[in-house]
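First, one chain by itself: the form predicted alone, in structure tokens.
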């Protein structure tokens, strides 16, 4: 057990039901009052391979996953072979009778004596839940909700019987597992993942159209929107490819429907021409990019922060854009909401950058506060009738946007350079004025840039800098160093473009050394800081082996 928390890892092959077991356990822990942080590691295949579902839980709020395992639920021998070396002191292992546990403190469960082989994962769930001290009735209710009514009463009853026998068997076993202090039950909370939160944030902002082509790890954004589409009046389309998806979204947005696409690195590569079209036609559009290790298909189910500069520069030509990079599930909701509003306000593409770790990471959250939130109101402003000019040159670069068919105004769009009415032109002097008009939006985007979050002393010896999903591991690493008496502060960027150096440059100058920590090989954000703010970090710590950053990884690198 580490820092008043416990790490539970369930390992096995795809198809063994480990995600079902993990999600039921995670929900039961949340209902019992615990805070959780889930990390999912899975191979790029439908069945087989080695996958893990890890839940860190505590009575205290958690920022990050951590290394080490306190309870290992091994659904196959490979899990024992790969992870027995990660066990912490006083840990326990749940494995089937006949598995080779070596020196691991193993509880060999007679699965087939307790239930039909169809319910082996339910037996594993019951044994693990009992060892953690969870109430059987609560776990049973959570399992029944997960199974759903489609499976029928007979399946529910047989699962319940398997669960009951597993609990009874586990209560007769001896082990040294010591779950964290009892949590405060009764607090109303829910379990939510990063992708789900992005989708809910966009829905809260009035999303009305979503197009996508399925691509791990972004697909859950679309699935969440689809699950609420009828209730929220959203039109969605699984397109034939990413090129079609982004162009469908552009058409919807042009007609007045707040629109979003979601994809991952390879899919975004196909979308870039559409991004450029959004820039030229000044069409509001949100692009959610869930990063994974590349190049090409790379490690399609693993995590990395390698597409920051790709999101910044994707699309030919120069046009304004904003890039949000939430660091937690709660921030994912805020990013989904803010992105739609920014896109509409500045009539330009806005990106949300997440990654597999954050996309699949489940957390316990208090109900989201929807008070004060308002939906996007597309269109409006400018002269009426024949005096209306879609691309009128304004001081801030934002032109009046009327919606086609909703008034007498002629609404014209053109991917070629155009005049203020929207008609094609090769007047080179006008080209300069129109480009200056579009780029003038950057001033407003900079003014609206979300300030980075600082924590710790202003004149700390070390300032640890993070963006996106690296926030939590960096925050916990800093806390551990502070507990050792070191002078450490943190700075997290939830928006990585545009940067507003006035918000952070002076604070950086007060730090003894600046260390940028991110999930890529080349220090993309560290380079951006140097280019845009003239801040050269003394150190860069990168991770690009497909795994998420952890406090332990950061501390090892700092000490090296």
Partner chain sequence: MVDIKQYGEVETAWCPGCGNFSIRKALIQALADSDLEPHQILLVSGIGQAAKTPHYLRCNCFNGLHGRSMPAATGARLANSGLKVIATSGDGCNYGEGGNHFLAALRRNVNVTMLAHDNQIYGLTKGQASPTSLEGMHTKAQPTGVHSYPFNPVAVAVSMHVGFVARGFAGEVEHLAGLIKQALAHPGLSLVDILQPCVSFNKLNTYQWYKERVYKLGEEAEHDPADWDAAIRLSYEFGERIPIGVIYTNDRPAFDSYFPVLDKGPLATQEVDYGAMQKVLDSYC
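A quick note: this is a predicted structure, and the numbers were derived from the prediction, not measured. Residue numbers count along the first chain shown, from 1.
The same protein has a further form, the form predicted together with its partner chain, not shown here; the description that follows concerns it.
Although the partner is absent here, residue 117 is not a contact residue: none of its heavy atoms lies within 4.5 angstroms of its partner chain in the predicted bound form. Looking at residue 398, you'd find every heavy atom of it more than 4.5 angstroms from its partner chain in the predicted bound form. Interface membership of residue 257, defined by any non-hydrogen atom within 4.5 Å of its partner chain in the predicted bound form, is confirmed. The closest non-hydrogen atom of residue 238 lies within 4.5 Å of its partner chain in the predicted bound form. The partner is absent here; in the predicted bound form, the one residue of 301, 449, 247, 76 having a heavy atom within 4.5 Å of its partner chain is 247. A heavy atom within 4.5 Å of its partner chain in the predicted bound form is found for one listed residue only; from 404, 102, 381, 214, this is 404. Exactly one of the stretches 321-329, 221-229, 455-463, 102-110 approaches its partner chain in the predicted bound form with heavy atoms within 4.5 Å, and it is 221-229. The three marked residues, 233, 373 and 422, each reach its partner chain in the predicted bound form, with a heavy atom inside 4.5 Å. Of all the residues from 384-419, those having a non-hydrogen atom no more than 4.5 Å from its partner chain in the predicted bound form are 386, 403, 404, 405, 406, 407, 408, 409, 410, 411, 412, 413, 414, 415, 416.
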